[in-house]
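Listed next as structure tokens is one chain, alone, in the form predicted on its own.
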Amino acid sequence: MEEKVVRIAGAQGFYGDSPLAAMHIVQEKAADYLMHDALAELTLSILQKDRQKDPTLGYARDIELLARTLYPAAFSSGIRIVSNSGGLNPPSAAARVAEILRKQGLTGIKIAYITGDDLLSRIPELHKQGIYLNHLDTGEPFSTAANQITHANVYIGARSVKEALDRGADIILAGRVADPCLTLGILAHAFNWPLEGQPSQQDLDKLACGITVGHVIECGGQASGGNSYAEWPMDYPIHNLAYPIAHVREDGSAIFTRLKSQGGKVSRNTIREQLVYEIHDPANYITPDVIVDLTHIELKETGPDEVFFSGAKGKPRPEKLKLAIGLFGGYISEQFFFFSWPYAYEKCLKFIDAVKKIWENLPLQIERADFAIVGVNGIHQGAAPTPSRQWLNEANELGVRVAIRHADERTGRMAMSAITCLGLNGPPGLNSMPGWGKTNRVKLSLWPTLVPREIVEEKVEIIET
């Protein structure tokens, strides 16, 4: 009897990612499941702005395009979709996708959505229960946070993904399911891996392997040659990058590969580079379903664009789950100015000095001001050595980024208006456009904390087109 293999494609690495790689995977029927990871902590803050404007929004709106293009093609090929694109509003996301599919005449499609991760309305209740939401890094109680709460979502695991697939869902639109747990939910469904109770060490190791597979493919093309220092200089095309596909066996081992008809590269280098991305401690990668030890894994190339993986070890899941609370943190206003040769560097310094003196003479409530010279310290700030003044003055062009943080919108408008006169009054050779920066961009901050997993009330709902 042939061993069962589940094929899962990492179809999306962020909100707004290109759907073309997933379209090619569907056209070649190269996967059984498409896994779309649309959420980062920053993404939830973006979605919160949408929800503030319209209570029916708050989901990743690229699902509307995908519902018109990718989803119908996937369903016709029997490919199921698991996504956390529901963001802050999974019910609305499901309703919107259902509406779009029905308009195309698609009936009988089961759309599942998962709720329970949104704890925004329950913050006062948690305080009454003695759960003080201490800051994960500083230990401060949440009661010391003075700013307005924008959202509060807990990272949940794979249980509801498995339940939805067990109940026949063709597509899942979850909220803040932790990134690798989307894939683990697929594998737990496909192989009936236990997610509750007290798993054996063998089961924990399978869950750890499932999380590892999910972590490798959660960033889409980043595991198949995109954004890779390990493969620099890239000796392969990236304009048509193929996204990673994992062929997973019941024991948790997998082969990572990609479509050979497209660009990109899957190598031991690309996989191990992605493996250490954002995990902090390779011996204790903490997820809602299992703590993963990656220090004894095996990775080996078994053919062109094929990498075999096995050997992740699992430890029992944590008793608490991470809760990310978004806070309104005021505004940021910024603008960019560029100066041409000769003496571009001296011009930048002269300009910055003028800006500071103009602001000093105005009644502005600026909490923080940053000045960076693009081409010198725009990315690394002071971490990289600054070239000599003589060398910088020979540069063809350099830019100045001016950014301020402030509590009120009036400050942003006044500060940026006050320095526009330097277009004529400042150093020669200046270029700038109003659209190069933005005034009064809302700043959101995060308050990470932990909560007991018992307080989270996950629920799976399914609607049918």
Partner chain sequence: MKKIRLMDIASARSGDKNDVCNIGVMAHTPQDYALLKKYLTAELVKRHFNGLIKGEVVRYEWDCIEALNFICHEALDGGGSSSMRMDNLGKNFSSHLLRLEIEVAD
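None of the values given here were measured: they were computed from a predicted structure. Numbering follows the first chain given and starts at 1.
Below, we refer to the form predicted together with its partner chain, which is not included among the displayed structures.
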Item checked: The single option of 226, 263, 91, 116 touching its partner chain in the predicted bound form, heavy atom within 4.5 Å -> 226
Next item on the list: Only one of 239, 128, 280, 389 comes within 4.5 Å of its partner chain in the predicted bound form by heavy atoms, so just point that one out.
Entry: 280
Item checked: Triplet 51, 98 and 438 all within 4.5 Å of its partner chain in the predicted bound form via a heavy atom -> no
Check: Wondering, does residue 381 line up within 4.5 Å of its partner chain in the predicted bound form on heavy atoms?
Finding: yes
Next item on the list: Report whether the minimum heavy atom distance between residue 75 and its partner chain in the predicted bound form is within 4.5 Å.
Entry: no
Note to self: Although the partner isn't part of this model, could you tell me whether residue 222 comes within 4.5 Å of its partner chain in the predicted bound form, counting any heavy atom of the residue?
What the structure shows: yes
Check: Taking heavy atoms and a 4.5 Å cut-off, does residue 365 contact its partner chain in the predicted bound form?
Finding: no
Notebook entry, point to check: Can you pick the stretch from 251 to 259, 156 to 164, 281 to 289, 189 to 197 whose heavy atoms fall within 4.5 Å of its partner chain in the predicted bound form?
Noted result: 281 to 289
Notebook entry, point to check: Going through 253 to 277 from first to last, which residues have a non-hydrogen atom within 4.5 Å of its partner chain in the predicted bound form?
Noted result: 268, 272, 273, 274, 275, 276, 277
